[in-house]
Each structure stands twice: as C-alpha cells, then as structure tokens.
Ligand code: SDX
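Just the one chain here, laid out as structure tokens, in the form predicted alone.
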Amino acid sequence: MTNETLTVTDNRTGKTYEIPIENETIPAAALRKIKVDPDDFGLMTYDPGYGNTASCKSAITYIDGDKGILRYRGYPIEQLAEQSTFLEVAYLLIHGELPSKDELERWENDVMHHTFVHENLARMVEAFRYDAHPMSILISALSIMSSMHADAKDVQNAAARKKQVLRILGKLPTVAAFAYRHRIGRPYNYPNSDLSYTGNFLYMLDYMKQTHYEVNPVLAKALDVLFILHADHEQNCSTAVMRNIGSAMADPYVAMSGAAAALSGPLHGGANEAVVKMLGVIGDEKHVPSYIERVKKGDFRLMGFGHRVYKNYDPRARIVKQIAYDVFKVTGTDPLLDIALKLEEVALQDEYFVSRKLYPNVDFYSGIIYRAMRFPTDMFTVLFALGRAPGWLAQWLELITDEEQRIARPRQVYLGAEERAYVPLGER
C-alpha cells in the first residue's frame, strides 16, 4: 500500500477497497468495484452541475478561486492585460507559448487574412428579422461556416485544424459586425486588414464613409483588454459544451455553435447585461442602501457579485474597473458608474456579503464599459463570445489530441418506474 491511495470501507459489506490518488483526484471508474452483489453496477458519484468532478486534464488555464488567481499557460492575467494584445494571448492559448516577434507578425497576418466571409454568409445574415438577437445570428453563422469548409470535418488532420482556427478567429468579428449593422439597418462595412484586430472590428461597426474617420485607440485598447480577460476561464459551462461536442469528433464550427448557445444563457454570458439592467432599476446612488437591504431579504439577487469559482475578488474585476475610467475619458461619464461604485462600496462593507465572499466579478463593470461604447445590451454576449473564441479553440484542440479522452457520456441515477406491462389504449 502506498501513500497515494484512498482506503474506503463499505459499511454495507465490511469490505475495504484501495483507490489510487493522482493529481488530487480519484478515477471515478475505480468506484465501480465497490458493490454489494457481483451483478451490481457498482458505485457512481452524483454531482449535479459537475461542482467537484474533473472531466479532463488541461494545461491551458489555472484558477485558484480562494486566492483570486487567474493564469493563462502560467502567465498572470494582470501581466497579460497590461502588456499583451488579444491576438498575442490567442496565440499563447492555442500554441502554449508566447510568440516571437516574427511568429506574432505572421500570426496576426494569417488571422487578418481570413476576416472576409463568403457572400452567401453575408446574405444569410440579411435573412434574419431586423430585431433578431445578434447571438442567434452568431450561433447560426458558425453552423453555416461548417458547411462552407468541408476540410473542417478532418479533425484528425493538424493542418486542417490550424486552418479552421485562423478562419474562426478572423471571421467571427466580421459576422458580429454584420449582425450589428443588420440590426440598425445600415450597409455592411467589409474588413480593413490594415487595422488591428479590435480596431478593425470597431471600424466595421461604426464607419459611415466619413472622410477623416479614425478608430479611437483608447476604445480599441479597452476592447482588446476586455477580450483578453474573457479569453478562457477553465471548464465553465460553454467550454464544457465545446469539449463535449468535440468529443464526438465534430468540427470546431458546430462545436463552437453549441458553446455560443450555452454562453447565450442569462446565467453565463448574459450576466453583464443583467448588471446594467439592475443599475438602471436602482436609478440613483441614494437608492443603493435600500436596494442592498432588499437583496439581503431575498427579494432578488445582487447581479455581478459572487462567482461559482472565485471566493475572493475576481482578479479580472480590478482590471476592468480601471479600464472603465479610461473609456469614460473618451465617451464621457455614465451615471451608472457612480451607482456601481456606490454599490460596491456598500456591499464590501456589509458583513452579509463579506461573510458569503460575494465580491464584484468581471461582469460587474464590463457591461458599463460596453454601454459607454454605445453597444446595445444584446451585443454584450456577442462581445463575450469574440473574446472567448481562442479559449474555446484551445480547449477543443487539447481535447482532440488527448488520447485519454473519449466521447462524453455522463451517467444518471435512474429513479423512474420499475418494469411494467403495456396497457392497451382502450383499457386505460
């Protein structure tokens, strides 16, 4: 017997079992040998929402929720947000290392080379109602792209995988911009590859044939940092979907379509939109104390506070808070920021929230920034998807090349009826 084991005694039978421990986990299949009768299935774990179940081994993102730590490939998020660019972080997530100067230039050129979309895809966007949610358009566009690139099905081919990564990163902002322009009834702006990744995106959103139009560098930088902060976050809901669909050897377009669908849910990517709505309901700084009291009574939740993983101040929230001030220097102040600051001040001094470790998360300030940049609230989740794309792709690539992975197939605890005989319709 070694120290790296867990000894379990089944009190039903008195039998003792030795279960191996590796990387602070036990293999779930090892529990199958614990049974009362030889014909039993054996024990399983029951874990709704996978709160304490590891489904993969990964080298991409590290999170320590208790200490408020987030690292991509070992690099602290604070350093990447301050010194890196979104495309450089995308390279890091996907390739595992920071690029050299030449590698970064080639990577940026390759991604920007793929920013144009097929005209059929552009026409598809026009088929949606004028008021269609842009996430619905993005989800549909990803599925359609799968039909346009037959080589994407060859997921075991490394060269084919690389091509799809470049296509997705390049085309996704174009699709998002087209969805936005369709929504407001304006003609599409086709990509300008002379601009930066986020600069090009803002150009496609805003350009109206002005003679001296320039993308504001502060806003482009702010969006770049926000994309970095959202680039990956370990095995969250949408990433788990990306991996589950990918485990069937599905191509990255349909896998990402499913991931984006998961992200569109209000408990995931829609959280920052909920924060903006909450701040609008509060309406004024003076209403914050009474609102806090109603939250404590259970009348409703305090949106943008607390996190499934972080039991400390979300490290991304500090960075976003500073970006907000930079953006407001360009766009002008927003009264919602004053309400948010007051809400944070009151909540962080209240034992109710402190004892429950409810601290501001990244969604608390990001929605205010998007609002200041004049994004409609239903575009917030689209922006989240653009930032998360390289993380989804990195996770998909890691899954595809992981020999231990199999097609996802969770177990269930069956609590339905025992076997019973069919009753003919006339006798019921």
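Bear in mind that the values here come from a model prediction, so they are computed numbers and not experimental data. So that there is no doubt, residue numbering starts at 1 and follows the sequence shown. In this text, rigid core is short for the largest set of C-alphas that superpose within 1.5 Å between two forms.
From this point on, the text means the form predicted together with the ligand, which you will not see here.
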Partner-facing stretch of 138-146, 197-205, 293-301, 333-341, counted where any non-hydrogen atom is within 4.5 angstroms of the ligand in the predicted complex: 293-301
Heavy atom within 4.5 Å of the ligand in the predicted complex - residue from 86, 253, 180, 305: 305
Answer option from 282, 358, 121, 160, heavy atom within 4.5 Å of the ligand in the predicted complex: 358
271, 311 and 388 all contacting the ligand in the predicted complex, non-hydrogen atom within 4.5 Å: yes
The ligand contact in the predicted complex: residue 384, any heavy atom under 4.5 Å: yes
Close approach of residue 174 to the ligand in the predicted complex, 4.5 Å, heavy atom: no
is_contact(residue 217, the ligand) in the predicted complex, heavy atom dist at most 4.5 Å: no
Partner contact for residue 213 in the predicted complex: the ligand, 4.5 angstroms, heavy atom: no
Residue 142 C-alpha relocation of at least 2 Å between the shown form and the other one, rigid core basis: no
Is_shifted residue 297 between the shown form and the other one (CA, 2 Å cut-off, rigid core): yes
